[in-house]
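In structure tokens, one chain follows: the form predicted on its own.
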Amino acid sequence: MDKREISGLKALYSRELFESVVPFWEKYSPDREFGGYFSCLDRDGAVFDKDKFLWMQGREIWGFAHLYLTVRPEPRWLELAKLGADFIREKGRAPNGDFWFALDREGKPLVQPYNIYSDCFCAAGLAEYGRASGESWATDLAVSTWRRIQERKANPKGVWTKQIGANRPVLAMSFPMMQVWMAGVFEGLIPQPELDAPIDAALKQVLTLHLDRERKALFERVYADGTRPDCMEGRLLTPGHALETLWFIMGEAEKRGRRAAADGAAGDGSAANRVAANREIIETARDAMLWTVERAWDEKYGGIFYYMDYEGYPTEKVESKMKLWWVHAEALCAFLLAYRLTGDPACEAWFKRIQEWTWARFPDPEYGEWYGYLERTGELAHSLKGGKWKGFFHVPRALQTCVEWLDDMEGRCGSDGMYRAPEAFRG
């Protein structure tokens, strides 16, 4: 890319974030009567269900607090984060301290605290709010929730687990993905060694068990020895999860590589090996991204499939061939980061291809925000902008992250106007 193209993309992503996506949620999501947020919003912002899902509450707290911390200290963003933080502080937890899955509008519990991701996103939201507001209760609750998650992770659903795990003890990729992202949120709040241990475990699980280099695939569920059950579950590919996990891993390797390079500059003789090891992780993640998108791209209609079976059989997921907002948002992050770090023209080409397809279909210029669910053909499947599973998270996080990376890239363009990846990660 050249500097003019990078600058144009940065302006486009920034406009979409601050003139379309953020205003939509600021206007329609807050429940100023009972606290917290509405997440079930139709195309025009109309609330079609007033129940409150805890992982949507946590995500929105994180989103507004993160804007306050990283863009500018806008008072209304902090006030909106507080609206959610106070609500989940008062209403969000079951007697055992875990977060309910769903509440009614006033905060009466509707669904048991069976889903550890409610705790993950509430912890992340409170951590970011505590950092933004200085409220010690929020930071303390975030940290205690993080530690409770580490205790629960071996059996996250507890008494609400349906599977007989002893008969098919599979490992899912989604939790190590969450651990890597959450550890980044908690940097500075928890001692780094306490964060490094789950990061190391997550990287090892994904890169040695889920990643199959021979088959060029990142499998969603595997056994602890890296083999897979011979069934639909064992053949399942989830391209969006794969790309999201891979860019988290790539981002972590970048951070560790930069720390190692700084140690080397300070005279640490072992730093060069750590720089090389993290460059290798980046290259492995880049290769896996390319395998994933080459398999998952719909050559007939464009876009990325939601689920796939490695052998090409039908999956148990009837929505497999739909095109979802979050998959494409995470794909944009994945390939922009891969290009930014490696300069690989294949990653640049995939970023542009996904960018063109995504921007032509998901954003709604009339009412703002992005549609969530498209048919395989790219036509609209549902008009909603938020629901039980879609909220103020993937789209704003992706847009903001891409703006930050594009800004960095803009500053790295040479005198000829062309972008060049950092030498330490080019291989």
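In case it trips you up, residue 1 is the first one in the sequence shown, and so on. Nothing here was measured: the structure is a model prediction, and the numbers come from that model.
Heads up, the form predicted in complex with another copy of the chain isn't pictured, but that's what we're talking about next.
Using a 4.5 Å cutoff between non-hydrogen atoms, Thr208 does not count as a contact of another copy of the chain in the predicted bound form. Contact annotation for Trp137: none of its heavy atoms lies within 4.5 Å of another copy of the chain in the predicted bound form. Shown alone here, Thr161 lies within 4.5 Å of another copy of the chain in the predicted bound form, counting heavy atoms only. Taking the partner from elsewhere, Asp104 is found to have a heavy atom lying within 4.5 Å of another copy of the chain in the predicted bound form. Judged by heavy atoms within 4.5 Å of another copy of the chain in the predicted bound form, the contact stretch among the candidates 74-82, 345-353, 110-118, 265-273 is 110-118. For the three marked residues, Pro314, Glu379 and Lys388, a heavy atom of each sits within 4.5 Å of another copy of the chain in the predicted bound form. Just one of Glu375, Asp364, Glu26, Asp31 comes within 4.5 Å of another copy of the chain in the predicted bound form, counting any heavy atom, and that one is Glu375.
For the residues Asp287, Glu319, Glu194, Asp212, the 4.5 Å heavy atom test against another copy of the chain in the predicted bound form is passed only by Glu319. Looking at 278-310, the residues that come within 4.5 Å of another copy of the chain in the predicted bound form, counting any heavy atom, are Lys300, Tyr301.
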